[in-house]
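Only one chain comes next, encoded as structure tokens, the form predicted alone.
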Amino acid sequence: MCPTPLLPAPFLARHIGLADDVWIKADAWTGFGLGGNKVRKLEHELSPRRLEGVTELVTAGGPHSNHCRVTAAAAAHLGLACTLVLNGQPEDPNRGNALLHRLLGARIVTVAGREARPGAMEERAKEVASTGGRALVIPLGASSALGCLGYARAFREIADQLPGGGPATIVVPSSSGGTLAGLIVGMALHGTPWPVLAVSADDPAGEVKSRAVSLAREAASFPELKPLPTETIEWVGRGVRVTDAYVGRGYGVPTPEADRATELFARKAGVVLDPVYTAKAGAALIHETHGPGPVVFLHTGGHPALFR
């Protein structure tokens, strides 16, 4: 995948009272399957070696999951079957990502709640094996130690693109932890931790941070990353701040602050946020990044959620 652009947003910075530059890392423009951060993760999850003998991709998410959209697109591109285990029915299956899941040819399995998804994925994998096929089960959000390597690379891109090479405060949405884990690995490899504000879209801040650091530790054990001591991952991870102050009434439920951020990013930067992840992270940027130095907003995509 080609590097995504780092866009200056001087009018947005001026409007919200930031003396230093605001930059937007446009990972909404990763391109494949309508883009977003899941594309970087799936590049590693779906490497040629891992796809040997695979006939079907199986993964899980919510009824409007960005990850499920990109996985279904990847399956179609690779000529593979795809099963999506979704917790709950969409309000209208003909809108947003729910429409795209079906348009891309995925088989939909609906379960009652999040806790039922892992078992349903494994059950589908057994069904595929019983008919002579082989399923590759992809974790929620492609947030695995392998998938997080996509964001170790993204951090390197940001450092290379930012005038002066950084550091900058990175503001990033976070949920399943893979994107944040990759940034931690990237900073550890770089040898210099940057300030990071990760904004939870759903779970308590402590859970999000714990997941991310755990994934980063696991990634650090890969032979291609050695020598990357666990102590370095822990050192970088301690400096990462995660907030759940912008979740509001729950996952995917807009807040007044998020709606205001969506309006400001659109009118002052020409950048469209999504209501589930980036709008809430945008609200955090507006309210919490008033210290010295530039700010990089990592736009993780998700535009179809605007049309659900």
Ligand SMILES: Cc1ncc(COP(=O)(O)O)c(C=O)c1O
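These numbers come from a predicted model, not from an experiment. Don't overthink the numbering: it's just position in the shown sequence, from 1.
Unshown form predicted in complex with this ligand; subsequent notes refer to it.
Notebook entry, point to check: So which stretch, 257-265, 241-249, 52-60, 32-40, is the one near this ligand in the predicted bound form (non-hydrogen atoms, 4.5 Å)?
Noted result: Result of the contact check: 32-40.
Notebook entry, point to check: Looking in the predicted bound form, any heavy atom of Thr83 within 4.5 Å of this ligand?
Noted result: So Thr83 does not count as contacting this ligand.
Margin query: Taking any heavy atom pair closer than or equal to 4.5 Å as contact, tell me whether Gly147 reaches this ligand in the predicted bound form.
Written below: So Gly147 does not count as contacting this ligand.
Note to self: Check Pro173 for me: does it contact this ligand in the predicted bound form (non-hydrogen atoms, 4.5 angstroms)?
What the structure shows: Yes, Pro173 is a contact residue.
Check: Gly177 near this ligand in the predicted bound form, any heavy atom under 4.5 Å?
Finding: Gly177: contacts this ligand in the predicted bound form.
Checklist line | Neighbours of this ligand in the predicted bound form among 290-306 [non-hydrogen atom within 4.5 angstroms] | finding: Read in sequence order, the residues that approach this ligand (within 4.5 Å, in the predicted bound form) are Thr300, Gly301, Gly302.
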